[in-house]
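Just one chain is shown here, as structure tokens, and it is the form predicted alone.
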């Protein structure tokens, strides 16, 4: 009697459904996935090692280039860690501007993800409309910081730009328009019959599975876990502008869409409150060239979940060690729990539902 052979279907490392290299091996029985193997790390760039040859300020710009979508996330997390080591606190106005850019970046990231996830499901109309609207927030960020991708908003000890009345009005106009569009997209993803067939009950991750696998960010909140660093350990100005955590319990692809769209509405509220309540004062404080010996950790809520930095100083002008853990690393393993039992055709959309960032992961 012949032993049954396991048939493997690879997705990646080069694949139309993945814009960055990652390798997923799906064992299938016909069209049904039975197990998954994940391999990552194809574009390792050695950024952590490179930080050891640059001074504290130079690393700000290097680490910002870990990811183009959440560049402010990395710069802010690093800045907060270095400032903690140096026992320096940025002025209140700078902290609010940092939080403001973080929320604008969250809007950018969620709109980008919405388009990518819709595209993987074959909904190219939603993809094109959402990316058209994403230009609104990118124009706002460009007007505020001078850059569309790597914003370079942070300096050690504060921020490098202020928010004037013209920029405040542009931000409010952009948020008003995007809020209207977000309500429309929410209606689409929760009522369109074709879309629902591709998302409702697909890729379900229960609360127990989410805790066991260790997912974070919108992935966790879509599975009923109310975990958000902005609430659990407020940083920058989030103690002044409390966040309402968005939680869904279904744990499927539809819930991940709903969580992110509701988070957009929450971000709009925060953005409005921040621009309307900017405290007066300086934008920076003086930072020493040498940072005293010690170790610090810093964590913030990136658009995909908790970003974690470990920073070690030997008392010089350069760090001895910078270790970065990005949220995608925590969320990738959820595919092992969510994929089995689903059709192979569901895999690109389940992968996109993670909102994976291979660039962050393979820094």
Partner chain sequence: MSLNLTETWEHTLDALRTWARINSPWAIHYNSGSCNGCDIEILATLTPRYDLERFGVKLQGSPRHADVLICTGPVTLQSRDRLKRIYEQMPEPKFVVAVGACAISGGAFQVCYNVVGHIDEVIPVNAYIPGCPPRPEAIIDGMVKLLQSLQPQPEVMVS
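Residue numbers count along the first chain shown, from 1. In this text the structure is predicted, and so the values were computed from the model without any measurement.
The form predicted in complex with the partner chain exists for this protein as well; it is not shown, and the discussion that follows is about that form.
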{"item": "Proximity to the partner chain in the model of the complex (heavy atom, within 4.5 Å), stretch among 128 to 136, 286 to 294, 92 to 100, 212 to 220", "value": "128 to 136"}
{"item": "The partner chain contact in the model of the complex: residue 46, any heavy atom under 4.5 Å", "value": "yes"}
{"item": "4.5 angstroms heavy atom contact with the partner chain in the model of the complex for residue 13", "value": "yes"}
{"item": "Contact label in the model of the complex: residue 150 to the partner chain, heavy atom within 4.5 Å", "value": "yes"}
{"item": "Contact test in the model of the complex: residue 311 vs the partner chain, heavy atoms, 4.5 Å", "value": "no"}
{"item": "The partner chain: the contacting residue among 67, 335, 307, 322 in the model of the complex [heavy atom, 4.5 Å]", "value": "67"}
{"item": "Proximity to the partner chain in the model of the complex, single hit among 273, 142, 176, 162 (heavy atom within 4.5 Å)", "value": "142"}
